[in-house]
Each structure stands twice: as C-alpha cells, then as structure tokens.
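Shown below, as structure tokens, is a lone chain in the form predicted on its own; questions about how it binds or moves come after it.
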C-alpha cells in the first residue's frame, strides 16, 4: 500500500456554466444559438441543487472542491451587482466549510458576461479593469471563507480555441496577433487580480491566501530531430511562456493534465503542414472525443514543471470520458501511481482534483462525453458510479 502525503488535498473539479444551468447571460449561450450547438440548458441543475452536490461530495470523501463562479450571474450588466447570486455562492462556501471541504474558487472558467463580450472580451485592454473590479467585489464578499483562489482557467486553451481554431467564441480563425494580445491581457489580468486579492486580505486582516491559475499542459513527443526542435518551441509557447511571466505572482501551480501526442516531420504528407500527428494504435483512446491516453504523461508533465519552477503543484483537473464507466477506475489508478512516482522523485504535489464530479455539459461536445464519477438518474438524484466508489475509497485510505 502506497500512501499519499499527510494533509493531501483530495477533490473533484467542476465549472459553473457546465453544471449550474439556467444561465442566459453568458457569451456561450449566444454561441450555442449562433452555431446550432447543443444547449447547456439546465445542465446538472446545480445552481438550485448545490446542497445535493455537497451531499455527493461527502459520499466521495473529498476534503476539497474546485468550482468556478459565474461572472455573468454576479455582474449581468456593467456595474450591476447581483446580490442574490453572491449570497448564493456565499451560502455554498459556508456549507462546504461546515463539512470541512476546502473551497478552491476559480474566478474565470471560459465564459464572459455578454456585455463584456460585446466589448471584444480579452481583446480589449479595458477588460483588465473590468476583471479586477469583479475580483474585488467577489473577494470582499467571500474572501473570509476562501483560502485558495484560481484566477484564470487554461489561458492558452481559451485563446487557441477562440482565436486560432475558431471553435469557441468569438470564433476567430488564425488570428495570431489577437491570440497574443489576448494572452497578454490574460497575464495582466491575473497579475492585477493577484495584487488586488492580497490587498484585500491584508486590509481585512485575513490570513494570506494562496492564489494561482490552472494551466493545461500537453505531453508532446517529437519522433525525429526536427520534430524535437518543434516540440521545444511548442512547449515554450504553450507550457512555459505564460508561467514565466506570472511566476512571481503565483503561490502554487495548478495543472490540468489530459493530452498526449507524438509528431513526426513529414512536409510532403497530404493535409499536413510540415508535421504530422501520429495515429497511436498502441494507446488507449478517450471515447467520443478520441484523445490519446498515456498515464505516464502525469509523471512527465509534473516533473517537467517541478524541475523548472520548484513550486507547490496541485493537479486541478485530470479525467477520462468513459460512457460505460468500465475504464475510469483503472485510469484513476494509473494516473495516481505516476503521480506518486513524481512525489517520490521530489515533486511538491499537494493535491489532486478529478474532472469531473458529475457528468456535465462539455462545451461544443454537449452532453455526449461522460467525465463524471457520478451521474444524474431519471429522478434527478446524484448517483455515484463504480469509479466514484473506487475514488472515494482511495481518498478514505489516502493511499492506492
């Protein structure tokens, strides 16, 4: 039996738009209409059923819960603060604390209020002040009960899908200049928010908080010399550059770990530009979304970030789409084994959050992927899957 460190943070992760439901103020609601996508609709109904969600968390045995606040609920119009919404989140956090579940609160998880989107979102430098004001309002109302803040979730994913591939709002394709402008504004927004949160905690005499971002890093391997050079470039742009600029304004590093790929230099291959992603028939695949699964990526990414930055690390997301729930327990076990190996090698890993608590809305894929370790039955009840019971037992014993 291999034990995890004492006081290890065990949790699950969600995001507001993906589970809450009933929100038409976010830019994503307009995107669903524009593109004819599946609608989030009532999602998991978690805005109304947050008490049932907390009961589910207790069944999973977690001591921590990562969730996001919905900016579009809290400030549906510029400067118009929704007191009912902030009181809702305040009550939710207080109930978590009563159950000894540590809230890890994310302030931006992909969705913007429509009024911000109309002003071009993170393309517009004005958003830095808008975001800082929103952060200040939230922290003044919730801060006394929150020790961990994540300002921004996956900045490069958000920017790539919105400004390179055009799959997400605002739907720009190959807008590389705007991509870098958005990334830069996300960096400044984080730094300004980091300073603002610390100012408020000091002002009110609260214990110093821990603040960071959640960063999605890919384990990518080049199979020849030229590909390895290209991988170095990709890692600098997508794995290190953002962290390098905010490294003095983060108290830990949140890592979201899902992706593995291998590439080869193949400039004459039809449909490829210089490099080709290999079809890895020797690797397992995520169902529905077809991502390659390589649990060793957990070790590779964690050790890479540990060796480079020497900061505390939390795995803020890691999960598998598994409709039949036949592979998820093994996936959890394999990833945690590699996480323990990284800890044994000296990585300062302080916690692990599985994505996701419950089957939820998954952006352009709608409700088809099933990442949850629980599902909602026909009566609207939250029910643990076999994988949820397996994960619950790991947490209970703090060991594999």
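Predicted, not measured: the structure shown is a model, and the values here were computed from it. Positions refer to the first chain, counted from 1.
Form predicted together with beta-D-fucopyranose (FCB): not shown, discussed below.
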Next item on the list: Using the partner position in the predicted bound form, report whether residue 256 sits within 4.5 Å of beta-D-fucopyranose (FCB), counting heavy atoms only.
Entry: yes
Item checked: in the predicted bound form, residue 216 touching beta-D-fucopyranose (FCB) (heavy atom, 4.5 Å) -> yes
Checklist line | Partner proximity in the predicted bound form: residue 193 to beta-D-fucopyranose (FCB), non-hydrogen atom cutoff 4.5 Å | finding: no
Next item on the list: Please check if residue 18 has a heavy atom lying within 4.5 Å of any heavy atom of beta-D-fucopyranose (FCB) in the predicted bound form.
Entry: yes
Next item on the list: Report the stretch among 150-158, 217-225, 116-124, 86-94 that approaches beta-D-fucopyranose (FCB) in the predicted bound form to within 4.5 Å, counting heavy atoms only.
Entry: 150-158
Checklist line | Listed residue (363, 375, 338, 31) with a non-hydrogen atom within 4.5 angstroms of beta-D-fucopyranose (FCB) in the predicted bound form | finding: 363
Margin query: So beta-D-fucopyranose (FCB) isn't shown here. In the predicted bound form, which residue out of 291, 201, 252, 265 has a non-hydrogen atom within 4.5 Å of it?
Written below: 291
Check: If we check beta-D-fucopyranose (FCB) in the predicted bound form, which of the residues in 232-251 reach within 4.5 angstroms of it by a non-hydrogen atom?
Finding: none
